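Same chain, two versions here, written out as structure tokens and called structure 1 and structure 2.
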Structure 1
Amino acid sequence: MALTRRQLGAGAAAGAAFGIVRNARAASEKVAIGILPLVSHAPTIIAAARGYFAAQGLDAKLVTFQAAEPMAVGIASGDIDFGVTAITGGLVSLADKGAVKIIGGSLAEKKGVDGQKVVASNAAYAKGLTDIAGLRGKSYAVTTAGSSFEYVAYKAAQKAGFPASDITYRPLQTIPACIAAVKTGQVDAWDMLPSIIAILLHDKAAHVIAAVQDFIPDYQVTTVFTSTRNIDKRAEVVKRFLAGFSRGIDDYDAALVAKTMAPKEVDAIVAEIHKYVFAGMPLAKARPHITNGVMHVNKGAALNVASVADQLAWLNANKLVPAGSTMKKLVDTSFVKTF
């Protein structure tokens, strides 16, 4: 008996020691954050560069991905802790399996700020595709079925008052393939972030026929998400990540959207972003690509739940996600302001 008690005592002491170690380590908790080399991921880059995560006691490591899908899978598998991506069938499917959850909002359409555009190829434009009503019976470039491109086309059809099935979708998998198809007139229309649309317009390879914010107001384009394991076991870390991330958003907004920041400070921020985005170009050449066509990011990573619900309803209606995928499984609204 006595022996057992002594053993128990030793166990408790060891537990206490572990507790101390864990608290000490919590001061600098390691987190891996997935980003894509796009300007829309600048808030994360800025927060990491300016030490906003470190200030929250997070030892943040940025991991660059080339596509959103592997990033989502990386979060589900636990290799990555946080990521920012569009609401796709893949993300919802992972959420339905209980692996990931949306915890905040990022990129969004906002009146008065540059946003996504729908473009027509030169050939289609010449034949009269000049507004979204003209999309009826035309072909539309998408990356994959269930991607945000298809959602945008669906909303355009809804706004113009014709069934979305009257549009022919052409899955082309990658953004470069979509660009090539638009440039050569093999698809009639496509939608994209303003920075890439600017390049197409510069090459006189397409015409803008509509702004996405005109028919999907306050569209929540990308969201912040993490693994359910993090929410359950490291809720404190999630909160601290969002706090650091929010400071990154504030700087992003001041430097690139509202442009209230001092030019010198802006330069420093652009240089930081350039380490990840358009890194293959010299800074002077990359600068306009970084500073032009910057979209709005929700302050405090606030989440437009209504927009997310609308996108989920569309995915469900088109059977692009497991039957019965719900907002409850997809979104955890306890971390940020929602609207």
Structure 2
Amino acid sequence: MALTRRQLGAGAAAGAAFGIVRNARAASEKVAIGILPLVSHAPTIIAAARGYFAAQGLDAKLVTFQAAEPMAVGIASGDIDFGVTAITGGLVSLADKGAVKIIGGSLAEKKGVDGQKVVASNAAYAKGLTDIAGLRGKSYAVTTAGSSFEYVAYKAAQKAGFPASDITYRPLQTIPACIAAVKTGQVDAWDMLPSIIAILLHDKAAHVIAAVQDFIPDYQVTTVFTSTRNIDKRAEVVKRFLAGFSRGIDDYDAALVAKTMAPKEVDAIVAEIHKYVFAGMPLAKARPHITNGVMHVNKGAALNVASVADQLAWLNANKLVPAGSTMKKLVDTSFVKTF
């Protein structure tokens, strides 16, 4: 499909504690980047910590959110410049208004790499919720209507052969609230990243009933997005952001997925991620949660447009976005490779 508008710059080589030599231009262009406190956002954290944004002349500030939809609102309002999170009805609605656009891909399901899991609460599991067919008539945690969690539940129902309307969706606004609801049995089921599911399993608070990649292969879980204002007026900043982010992806992959990076470098990267992810735990306790159960992130922020189109079709069919919302309004394919 579409190739990059230009090859994303490689940034600068390494110096200081992480071996990065700064680009000759000063880090003077301020950008705010939205993240969630999840291992899946490690590429952004790594790019900031290792100077990859600075090497592109960007003074990057990371801003933490607790759900995807508020991040999209933050992009539209100008409070942040870039976000990396799941597609939601709110994001598509803002895109329909011409406020935001997806410009790349990030987290994705990939065969052979760990992925998201659907879990049942202990109470629901004891009552027979042991596979996705059992979701019929059960409650399912979502952050907001039209969130990625609702999309996963819909695809699970589709795979199992019953109407997704037979699932009761419980909007809980934030990921911590979803975790608490599963632990206390206030909801029957939920889906989440393997690093979070591992904690629920460790605490014996839930049971895995399905792997998401078994019924949504090659799912583009999260995307990179920015405001149309940035695309129109600061296109060079967008390219430079993607160049720095892409180097963060490469290090994330080498350190945590492919595991080809030297142990000392991995330790340094894990320490930086820990400042934002599982920060309430001591580093020694948080480390296995960070290093285990990581998922694939698309190299170069490549975007699976077929997966995005499927998510948009679901949102349109269920009237969770303005009627006739289109891929043209939602996605700008000129910055990264697409497939």
Partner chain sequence: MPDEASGPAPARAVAVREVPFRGGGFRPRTNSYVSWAVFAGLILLWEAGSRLGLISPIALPAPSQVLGALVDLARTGMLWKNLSVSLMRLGTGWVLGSILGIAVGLAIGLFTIARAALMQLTSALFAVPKIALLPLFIVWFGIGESSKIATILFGTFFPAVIATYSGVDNVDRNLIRMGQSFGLSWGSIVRKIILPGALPAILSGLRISSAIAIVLLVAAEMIGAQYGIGAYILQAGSLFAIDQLIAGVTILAVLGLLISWVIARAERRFLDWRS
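Not measured: the values here are computed from a predicted model. FYI, numbering is relative to structure 1, first residue = 1. If you superpose the two forms and keep the largest set of C-alpha atoms that fall within 1.5 Å, you have the rigid core.
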| Panel number for the form predicted alone | 2
| query | Superposing on the rigid core, does the Cα of residue 246 end up 2 Å or more away between the two structures? | reply | no
| If we fit on the core, is the Cα of residue 139 displaced 2 Å or more between the two structures? | yes
| Comparing between the two structures on the rigid core, is the C-alpha shift at residue 183 2 Å or larger? | yes
| said: Looking at residue 172, what is the CA displacement between the two structures after core superposition, in angstrom? | reply: 3.3
